[in-house]
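Take a look at this single chain in structure tokens; it is the form predicted on its own.
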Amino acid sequence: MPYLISIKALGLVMLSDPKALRLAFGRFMTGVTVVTTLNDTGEPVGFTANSFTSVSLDPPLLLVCPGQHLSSFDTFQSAKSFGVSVLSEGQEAVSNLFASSAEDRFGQSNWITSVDDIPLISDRAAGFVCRTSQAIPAGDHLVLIGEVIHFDSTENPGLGYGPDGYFALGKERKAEAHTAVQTRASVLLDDGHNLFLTADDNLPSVIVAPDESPLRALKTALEGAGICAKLNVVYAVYDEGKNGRRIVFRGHPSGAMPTLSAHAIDGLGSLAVKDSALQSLLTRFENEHKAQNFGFYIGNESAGDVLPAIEKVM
């Protein structure tokens, strides 16, 4: 027996809801173009469109879909040739201009005259001039198929559009290419009277691999250095520069402390530490140790918040 599943249960929307249908269509991410031609008096007209598709390489065909709501709809319906400018990153204003009802759109934008006197937007990612091959009415739009008679292409990355608005893949790729955040795990090792630091007056630390647990990496590094300790709560998490993060645990010695030097906790604030963020952390630790009321710091090297924390063995 077939299962009966309600439309509501599937999260489907009735086709009688055009707004919801438009939103559903908008989930498909596209590029952004400006489609142009000349009207009967030889004046340029154009509109913003993301309904642009390559159709064929042989013969070279593409299509765009002007809507009946356009003031220039009749012009495109009878146009013998038209142009398509694929917009570049940074041309959001051009897209918005040609999507608006502004009268002098071409007077407010940079453009050139191409083959058949068809206007194309300057600084585009690519441009096409087409002779109209077919103009097919389709509901409230026109499927305008053009045979490409001229095209150009640049290295400018194209402007994208999706459900959350414009996006720029070139910028996203650059962001991805930036140095990944480097995590450094450190530990405040104290025996109740002394804090154990490295020879250069720093906390025992290790650089954490991207796919590694900071706690596990720190424990492994300490064991490898012959340092016996039990690690407790996280004491601080803060950003170091643009691409750094430091996680500071608390811990207590449980055996040998080779290569580390003991410093009285009561004098930590007076240590000549070059790292101002570490100096601030040591001073806070000294003060909290006196009060036996430890907190958890989150922020960056110069500003953040200290939250109450309860110590427990990890």
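As the structure is a prediction and not an experimental result, all values here were calculated from the model. Note that residue numbering follows the sequence shown and begins at 1.
Form predicted together with a small molecule: not shown, discussed below.
- The contact residue chosen from 238, 111, 161, 196 relative to the small molecule in the predicted complex is 161, the criterion being a non-hydrogen atom within 4.5 angstroms.
- Checking 49, 257, 277, 247 against the small molecule in the predicted complex, a heavy atom within 4.5 Å turns up for just one residue: 49.
- Across the options 98-106, 112-120, 204-212, 224-232, residues that bring heavy atoms within 4.5 Å of the small molecule in the predicted complex belong to 98-106.
- Taking the partner from the other structure, the small molecule in the predicted complex has no heavy atom within 4.5 Å of any heavy atom of residue 219.
- Interface residue remark: residue 141 is counted as part of the site for the small molecule in the predicted complex, having a heavy atom within 4.5 Å.
- Interface residue remark: residue 67 is counted as part of the site for the small molecule in the predicted complex, having a heavy atom within 4.5 Å.
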